[in-house]
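Below you will find one chain, with nothing else, as structure tokens; this is the form predicted alone, and questions on how it binds or moves follow later.
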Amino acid sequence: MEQELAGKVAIVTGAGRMRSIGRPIAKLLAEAGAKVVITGTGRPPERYPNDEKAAGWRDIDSVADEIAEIGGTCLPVVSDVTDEAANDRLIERVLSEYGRLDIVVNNAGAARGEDRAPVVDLPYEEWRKVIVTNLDGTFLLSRAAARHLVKQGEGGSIVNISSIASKLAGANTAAYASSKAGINALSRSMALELAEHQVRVNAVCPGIIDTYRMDDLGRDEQWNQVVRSRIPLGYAGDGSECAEMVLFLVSDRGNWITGQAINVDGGTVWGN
């Protein structure tokens, strides 16, 4: 692969899951030459899915090892995106290690949980957990990064991982869909504010990606039925498709694209 990101430094949050979007994003940016800082929550091994336990998975450390094996540079950091001070410390750590920052990918998100319920039954605690992790977390790191990118004066790119739920807003997804719609709006507003500094901000809206988040939909024939009924192209993504879109957006190939919320979904959403 051409080293189109050589000399660049990137942060990718929420990059520790084995079946995820963050892992392929981090690996692809590293393959393209970026020094990559990846974050995770430091989740305890007992909370790992069974396939991660069987594989001896070690969260962000395993991803860092994979990047090292392909000759890339990666720094794994345990950090909480919902903590304002932690986000400021993360930026300081990146600057201390690598001297600059060029790219931020806000991928960390709340796990599927009790928020998937009708609004009339949705506990405020569950609503708040999703909004704070997805929307507040994206805001806090984006703000901290943008402050430095403006000061650095060399442009940059922020990509926020949203979801097609931000546009479909289906029943029983009020908290999740609202958090992702908020990410789209935040991305657009920041794009307009930062354009004069040549800092581009976009959202990527994945469709049905075969990650751990989908396990509660069932597997085997039940999963196949979900895929056949919802995805015109007939198969689920594996995260690599989103990674390719992120690489395009943060590279010079995407240098005239900002303020967009781009679907990567096998045709699930059209006309948006």
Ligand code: NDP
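In this text, all values refer to a predicted model and were calculated from it rather than measured experimentally. Heads up: residue numbers just count along the shown sequence, starting at 1.
What follows is about the form predicted together with the ligand, which we do not show.
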Here the chain appears without its partner; judged in the model of the complex, the stretch of 33 to 41, 243 to 251, 226 to 234, 64 to 72 with heavy atoms within 4.5 Å of the ligand is 33 to 41
4.5 Å heavy atom contact, Ser20 and the ligand in the model of the complex: yes
Next item on the list: Give a yes or no for Asp88: in the model of the complex, does one of its heavy atoms lie within 4.5 Å of a heavy atom belonging to the ligand?
Entry: no
Does the 4.5 Å heavy atom contact test between Gly156 and the ligand in the model of the complex come out positive?
no
Close approach of Ser178 to the ligand in the model of the complex, 4.5 Å, heavy atom: no
Assert contact residue (the ligand, in the model of the complex, non-hydrogen atom within 4.5 Å, options Asn184, Thr133, Gln198, Thr173) equals Thr133
Checked Val94, Leu140, Ile103, Ile161 for heavy atoms within 4.5 Å of the ligand in the model of the complex; positive is Ile161
Checked 72 to 105 against the ligand in the model of the complex; residues with a heavy atom within 4.5 Å, sequence order, are Ser79, Asp80, Val81, Thr82
